[in-house]
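Quick setup: one chain, the form predicted on its own, written in structure tokens, and binding and motion questions come after.
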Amino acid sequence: MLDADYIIVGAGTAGCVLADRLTACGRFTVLVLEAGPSDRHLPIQVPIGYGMSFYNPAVNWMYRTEPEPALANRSGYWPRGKVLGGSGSINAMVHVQGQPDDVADWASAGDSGWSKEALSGCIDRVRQRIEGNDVSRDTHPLCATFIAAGQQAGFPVEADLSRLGADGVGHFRIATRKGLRLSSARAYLRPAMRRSNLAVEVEAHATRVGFDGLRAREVQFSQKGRARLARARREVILCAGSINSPKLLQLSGIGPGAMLKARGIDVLCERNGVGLNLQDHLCIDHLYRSRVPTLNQQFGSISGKIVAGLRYLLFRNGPLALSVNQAGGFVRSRPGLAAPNMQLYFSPLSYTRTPPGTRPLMRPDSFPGFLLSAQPCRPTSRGFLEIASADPAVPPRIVPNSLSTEQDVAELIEGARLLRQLAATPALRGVIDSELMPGPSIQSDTELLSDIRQRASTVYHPVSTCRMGHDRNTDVVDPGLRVHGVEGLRVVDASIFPSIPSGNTNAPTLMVAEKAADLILGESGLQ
């Protein structure tokens, strides 16, 4: 049996930060349990290699949602990282903080400790660790064309899309360093693993939290076919993500009572909010055939691949050292809005022939093409997830309830029209040969909505399934991130977000982990 002062379940984006911060003082021992393998694999470390991890069960939970009525009864594909670094080891590496209103939600759900002023230090520490490269030096030339189109459409140029309150179009800051992915495993966990008070167990799938009365004392886990046990002297901290943290709580008897009883699980603590309030970003892509070369030609030909490979091996730069989401922005889809309500993505390649649920980026279309994408920043639809069985190996039921509000429908139509507006600017009109999807015949709001229902998909940002707040009937953790109704158990990951942020979720998750470390160390008199 293993033991430690703190047991962290999940070496994902948040878990790696906590492992570093809690062991730095040397006073505490920490055990990290990660269900997946090491991140020391080429497709994970090479930035563009995330296309190979996108559908790899060795490092990806590869979840599927229930069929969605509002999306033509399609079942969404939700990749989640199962590897050191978690989803930060298989994502597109876009590093943004979102908008000030996002942080205002934290203060409303928490207390003064979650105000913008209180969180500024956490945000600064994240920026110092995840510096990223100056991507504007090495992006595809079409990114400059997209930015010019944004200016012609009336949007300002934003010099730093990663800053809180970014407004306009520009180059995304990509979480890489020296040509390699800069996940929290590399930025936080690897340095911490040199400390004797940190132990990391890989391929250790947590199956249940064990309690002494109402106090969390142990974590049961499976490792290479063996049932094992780890005991926590101080706390168990769930950092398993927006899907697996609520799943593990429910498997441990914490969740909606009637649902748990129906699955044959004894109710330890009835918490109806566990698995509720699920939010996600939904995105629509418009695909264009280009008159000028795109990354399709570099990745789609043998000579292009050889040149890209040699450039990466010799200089650690070029297309292999970047994400395909190289440019984008935060903009307003209509006048009169106080803050941007739409996130844009520009990808200088296309992949229309890929099988559903896959994204093999090294096999793009044979013709030159690129993608424009729009994602409403703050959708209002909410779904839920629940365990489908008492068997930990069975995936949970995920019900996103996408486009279940009139606001979300209206904003996604606005997003589609905004993409058309950008495509009609002189800058982009000069390089577009034709619009392939949805195609010029799709013009009315009704037709655009029909296209959205057929093609819109997640941007892989699920949050809020263990929401922070004071109401024990609907919220799961308090402002200290302690699970309501029990002791010695916290949740620290994107599942505790009070609401979905305006952009990509990796940077806010790092911020939450930094804040959680402050809270835990502060309670121990060490902060």
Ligand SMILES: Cc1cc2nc3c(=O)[nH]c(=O)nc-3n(C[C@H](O)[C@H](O)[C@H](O)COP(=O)(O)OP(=O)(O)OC[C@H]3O[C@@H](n4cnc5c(N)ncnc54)[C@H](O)[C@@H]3O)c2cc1C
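Every value quoted in this text rests on a predicted model; they were computed, and no experiment measured them. Note that residue numbering begins at 1 and tracks the sequence as displayed.
Not pictured, yet referred to below: the form predicted together with the named molecule.
At the 4.5 Å heavy atom threshold, is V94 in contact with the named molecule in the model of the complex?
Flag for V94 set to yes.
Taking heavy atoms and a 4.5 Å cut-off, does L372 contact the named molecule in the model of the complex?
So L372 does not count as contacting the named molecule.
Heavy atoms within 4.5 Å of the named molecule in the model of the complex: does G86 have any?
Looking in the model of the complex, residue contacts with the named molecule include G86, since a heavy atom lies within 4.5 Å.
Considering non-hydrogen atoms and a 4.5 Å limit, does the named molecule approach L287 in the model of the complex?
So L287 does not count as contacting the named molecule.
Could you tell me which one of A240, A185, A327, I398 places a heavy atom within 4.5 Å of the named molecule in the model of the complex?
It is A240 that has a heavy atom within 4.5 Å of the partner.
So which of R453, H140, R378, R80 reaches within 4.5 angstroms of the named molecule in the model of the complex, heavy atom to heavy atom?
So the residue touching the named molecule in the model of the complex, by this definition, is R80.
In terms of non-hydrogen atoms within 4.5 angstroms, which of the given stretches 469 to 477, 31 to 39, 482 to 490, 65 to 73 touches the named molecule in the model of the complex?
Selected stretch: 31 to 39.
What I'd like checked is whether T13, W61 and N504 together line the named molecule in the model of the complex, meaning each has a non-hydrogen atom within 4.5 Å of it.
Affirmative, all three are within 4.5 Å.
Output the sequence-ordered list of residues from 192 to 210 with at least one heavy atom within 4.5 Å of the named molecule in the model of the complex.
In sequence order, A204, H205, A206 come within 4.5 Å of the partner.
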